[in-house]
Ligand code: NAP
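First, one chain by itself in structure tokens, the form predicted alone.
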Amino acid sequence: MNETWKTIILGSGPAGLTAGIYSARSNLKPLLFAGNNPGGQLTITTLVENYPGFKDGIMGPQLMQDMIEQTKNSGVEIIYEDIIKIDFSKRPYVLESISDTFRAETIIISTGASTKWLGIDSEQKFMGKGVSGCATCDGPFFKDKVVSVIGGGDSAMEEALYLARLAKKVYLIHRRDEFRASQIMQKRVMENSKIEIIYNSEVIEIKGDNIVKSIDIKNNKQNTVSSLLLDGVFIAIGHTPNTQIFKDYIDTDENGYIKVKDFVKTNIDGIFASGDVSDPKYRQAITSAGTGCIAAIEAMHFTENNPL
């Protein structure tokens, strides 16, 4: 393709779609690569009650479909392919999909982060039916119920402490006999009367009918299996930012998240990052959308001040 786009956006979650809307309204005429599975992580959630504008909540897949349609209506061209190769060594930046080559004056990276799952079949069976990867998103559905958190890092501690405000009881299950979380987070968890820690154990099966009813856990030291009756399973073993393709050009932290300054600026002028791809802390749809907006505005200013 001979055309050089003012802005190309990579990703179709709240960050990428918001960046698309704002870019289009700034007359950047953006091109957005939505990938083969558009919509981001909200497409695997159920009821979303914490996104403003929906007084009764909205189903995650419906919210993302509406955002995609709004983005299209704003004038954004969307291609449902992944980018497989990049060259960010000079402007215009070059990207290749399976079908064509594209050039852009600015790039907005909104490729998100993927939740690490346990990898058991029943986990996927009960996704959105008691299994979740986000306590902040889904915790309120488990008020006065019994839940478990799987993990041993700071994220797991944060999830357990958050859920303890809502749930009747929280089991924190870790496969080792000690946590990797910071000492202060461990102390808070251990001092919370609602949280019971189960060490040296792994969840081997999640059971229920239409919703989660129990889990089977295996003690790695005693080689025994036991069951726990509960209502929810929160997986907190980490996230993997989708940044592998950018590693030769874009600075990332030790966990692969893109380093940014002024909210969205990367180490390369004219390349911006928004959403979970650069946010290991908050990981919320609303914060992602906010940084998508910022990235689009910054891209507009950059193209105005740095014409090719």
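Note that residue numbering follows the sequence shown and begins at 1. Every value quoted in this text rests on a predicted model; they were computed, and no experiment measured them. Heads up, when I say rigid core I mean the largest set of C-alphas that superpose within 1.5 Å between the two forms.
The same protein also has a form predicted in complex with this ligand, omitted here; what follows describes it.
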- Task: Quick one: find which of 71 to 79, 127 to 135, 232 to 240, 99 to 107 has residues within 4.5 Å of this ligand in the model of the complex by heavy atom distance.
- Result: 232 to 240
- Students should find that, of 50, 255, 62, 267, the residue having a non-hydrogen atom no more than 4.5 angstroms from this ligand in the model of the complex is 50
- Item | The unique member of 116, 145, 194, 218 whose heavy atoms fall within 4.5 Å of this ligand in the model of the complex | 116
- Item | this ligand in the model of the complex reached by all of 169, 205 and 213, non-hydrogen atom within 4.5 Å | no
- Taking heavy atoms only, is residue 180 within 4.5 angstroms of this ligand in the model of the complex? yes
- Query: With a 4.5 Å heavy atom cut-off, would you call residue 174 a contact of this ligand in the model of the complex?
  - Reply: yes
- Message: Is it the case that residue 153, even though its partner is missing from this view, gets within 4.5 Å of this ligand in the model of the complex, heavy atoms only?
- Response: yes
- Task: Check whether residue 281 has any heavy atom within 4.5 Å of a heavy atom of this ligand in the model of the complex, and answer yes or no.
- Result: yes
- Heavy atom within 4.5 Å of this ligand in the model of the complex: which residues of 181 to 205 qualify? 185
- For residue 79, is the C-alpha shift between this form and the one not shown 2 Å or more after core superposition? no
- Does residue 133 move its CA by 2 angstroms or more between this form and the one not shown when the core is aligned? yes
- Query: Given a CA distance change of at least 3 Å, are residue 234 and residue 285 closer or farther in the model of the complex?
  - Reply: farther
- Using the form shown as baseline, tell whether residue 57 and residue 234 are closer or farther in Cα-Cα distance in the model of the complex, where the change reaches 3 Å or more. farther
